[in-house]
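This document starts with one chain, in the form predicted alone, laid out as structure tokens.
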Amino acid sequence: MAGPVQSIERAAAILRLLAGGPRRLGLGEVASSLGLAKGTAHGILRTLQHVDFVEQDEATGKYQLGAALLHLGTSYLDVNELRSRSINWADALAARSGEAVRLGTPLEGQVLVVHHVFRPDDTLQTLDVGALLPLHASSLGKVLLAYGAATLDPPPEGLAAYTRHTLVDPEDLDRALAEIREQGWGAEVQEMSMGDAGIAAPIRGHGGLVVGAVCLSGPVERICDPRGRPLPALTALLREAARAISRDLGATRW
């Protein structure tokens, strides 16, 4: 069996590097970050630029992701069964709850947001489709972890603490995951950002396997009671939507 093609692996690493940063990167930055010779990095970047996967700023010479990747990403979302089966239910859930709705699937140790419905009001909101969320600090991620749809591989320095409420101790996280399995839904309260909270429920496919999760999120005072516990009315709406999506995906029992 043939092994991986090194040039393709390097091209993928460059795309991931450009996707992971908030700014454009120069040739030297790309080469040093990935341990490549400048000539090698330049050749790959030029090829990626030729197929519009990478763009180069004329003024600075630095590189960023190209527009052609947007088309590829949109194509992926169009054929993603979880997203296509969930759109109507997610829209209805946002309308009934008054909160934002996100759908997530596991991707390489994180949660990929495949659909996002804005909170139905006039507040300024940012589209999160394509965003990657941490497994241990998001309600979507904790649900995926609890049901074995994703696995967590903590770095040597330990789990990242986004706020003082983030669960970074493995024992604390294990207890939270056990509670999720017992009650059938999970929450994060100010664990990713102060003032925000979310609740999530698993989505199952054929055979009852968890293939994704759906969550409601918003300001903590809208999601939780004064003691920081998720509001039962929102939890009920969320679980109802998760069961409906699961049925559409072929789950018969859970």
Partner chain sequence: MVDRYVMSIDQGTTSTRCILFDHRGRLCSVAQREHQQHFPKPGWVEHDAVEIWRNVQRIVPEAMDSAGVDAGQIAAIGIANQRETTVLWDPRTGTPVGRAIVWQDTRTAPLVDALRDRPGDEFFLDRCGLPPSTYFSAPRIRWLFENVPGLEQRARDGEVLFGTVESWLIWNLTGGTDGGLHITDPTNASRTMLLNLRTLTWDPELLDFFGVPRDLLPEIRSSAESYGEARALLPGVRITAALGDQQAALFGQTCFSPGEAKCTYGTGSFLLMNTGTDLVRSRHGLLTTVAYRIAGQPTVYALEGPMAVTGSLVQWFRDRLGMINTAPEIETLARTVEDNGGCYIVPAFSGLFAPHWRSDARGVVVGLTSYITKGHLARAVLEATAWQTREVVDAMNADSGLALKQLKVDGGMTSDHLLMQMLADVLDVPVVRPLVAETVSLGAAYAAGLAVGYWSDLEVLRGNWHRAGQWLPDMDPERRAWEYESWQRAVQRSLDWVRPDGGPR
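If you're wondering where the values come from, they're calculated on a predicted model, not measured in any experiment. Residue numbers count along the first chain shown, from 1.
Unshown form predicted in complex with the partner chain; subsequent notes refer to it.
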{"property": "Region of this chain that lies against the partner chain in the model of the complex, out of 90-98, 103-111, 168-176, 142-150 [heavy atom, 4.5 Å]", "result": "90-98"}
{"property": "Residue contact check: A161 to the partner chain in the model of the complex, 4.5 Å heavy atom", "result": "no"}
{"property": "Contact test in the model of the complex: V129 vs the partner chain, heavy atoms, 4.5 Å", "result": "yes"}
{"property": "Partner proximity in the model of the complex: P120 to the partner chain, non-hydrogen atom cutoff 4.5 Å", "result": "yes"}
{"property": "Non-hydrogen atom contact Q183 with the partner chain in the model of the complex at 4.5 angstroms", "result": "no"}
